[in-house]
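What follows is one chain in structure tokens, specifically the form predicted on its own.
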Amino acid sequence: MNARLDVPAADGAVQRVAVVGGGVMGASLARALARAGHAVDWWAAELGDAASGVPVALLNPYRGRSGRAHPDDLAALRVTWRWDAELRDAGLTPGAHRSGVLRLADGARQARAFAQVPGLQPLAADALPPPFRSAHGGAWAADGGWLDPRAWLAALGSDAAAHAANRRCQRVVALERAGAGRWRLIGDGGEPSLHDRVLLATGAGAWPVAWVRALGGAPTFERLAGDVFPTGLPAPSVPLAGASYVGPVVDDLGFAAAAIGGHHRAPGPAPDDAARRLVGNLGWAWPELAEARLRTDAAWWGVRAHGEGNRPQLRELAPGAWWVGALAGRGFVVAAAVAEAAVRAVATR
């Protein structure tokens, strides 16, 4: 079963729900379910695991060479900005910045494609914000932006806790049916717990064989890796989106420096030429980047899950047990909306 993002809301009894995963999807589920009044046990040994540990996340639904945005992604971005406002109203610092996002055209054909996309404002070559340049101009997405993943995840976790979500700082080592339609989870601390519903937000990680047996199968998806390198250059005033992207990385003192990211390759550490290839991909658009020495010693790499149709998945694998994932590198854009859909799915079962 796939739950769509437009599942109608329904009144349902309070459930004891287990959320497994410390990334943006797990944190979003814990917050949404706790705010809906469910009793939430959130199994997250650490926050920002796997791909959610990326140093900077762009909030950009305008993807691909054409820059066209999927309607679900546009709707999801509006939910993300609403969550940002709610977190700020709660006195938290979510680290999200509605700065807009820049796309650069690498040729006249791409510039024409950008000009046809609702939500993108064409920019002439002489109107591009520094330090970027392109003889063919680009486009501006005013509703996009970027966020500091550490701050966002911390804010989600704090808000979930404020609504009585119980974070178990453990890894789940056993998942099994417990009868009466319930599920038993056991963490590496050894204490079991019973749940009416289980939502597994485990990213692109491999599932234990015992989980697959208990659930009668596992989700299928493709694993693709990406890299991010600090540049040593000051952060631009706006983030740049594209196959290779630029965003601000905020250090522990609150200062921002530029980082460059990209690649969709087989999982594993960044190859030796990864930094050079990224610079080559964007040096034409940011002249100073060609002279920068990217910090390969501080490189980050992570693995993303890409599912059927490259769309987020909210799939019931067994009665009362859902897999939530395949966010395909845009988890910080869509996770809030997927979490709200999960609340509705739990309530209707």
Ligand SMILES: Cc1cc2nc3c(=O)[nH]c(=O)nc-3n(C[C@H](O)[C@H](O)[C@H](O)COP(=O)(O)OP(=O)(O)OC[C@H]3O[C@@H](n4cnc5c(N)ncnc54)[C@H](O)[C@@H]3O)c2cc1C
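Model, not experiment: these values are computed from the prediction. Quick note: we count residues from 1 along the sequence shown, nothing fancier.
Same protein, other form: the form predicted together with the named molecule, not shown, and the subject of what follows.
- Taking non-hydrogen atoms only, Gly137 never approaches the named molecule to within 4.5 angstroms in the model of the complex.
- Ala18 falls outside the set of residues with a heavy atom inside 4.5 Å of the named molecule in the model of the complex.
- Though the partner is left out of this view, Pro239 does not reach within 4.5 Å of the named molecule in the model of the complex, counting heavy atoms only.
- Proximity of Leu278 to the named molecule in the model of the complex falls outside the 4.5 Å heavy atom cutoff.
- Checking Leu294, Ala57, Ala69, Ala285 against the named molecule in the model of the complex, a heavy atom within 4.5 Å turns up for just one residue: Ala57.
- With the partner omitted from this view, the residue of Pro94, Gly144, Pro248, Gly203 that lies near the named molecule in the model of the complex is Gly203 [heavy atom within 4.5 Å].
- You can rule out all but one of 269-277, 170-178, 85-93, 102-110: in the model of the complex, only 170-178 has residues with a heavy atom within 4.5 Å of the named molecule.
- Each of Gly22, Met25 and Gly302 comes within 4.5 Å of the named molecule in the model of the complex, counting any heavy atom.
- In the model of the complex, Leu327, Ala328, Gly329, Arg330, Gly331, Phe332, Val333 are the residues of 318-343 with at least one heavy atom within 4.5 Å of the named molecule, listed from first to last.
- Between this form and the other one, the CA-CA gap for Ala75 and Gly48 widens by 3 Å or more, being larger in the model of the complex.
- Relative to what is shown, Leu47 and Leu92 are farther apart in the model of the complex; their C-alpha atoms differ in spacing by at least 3 Å.
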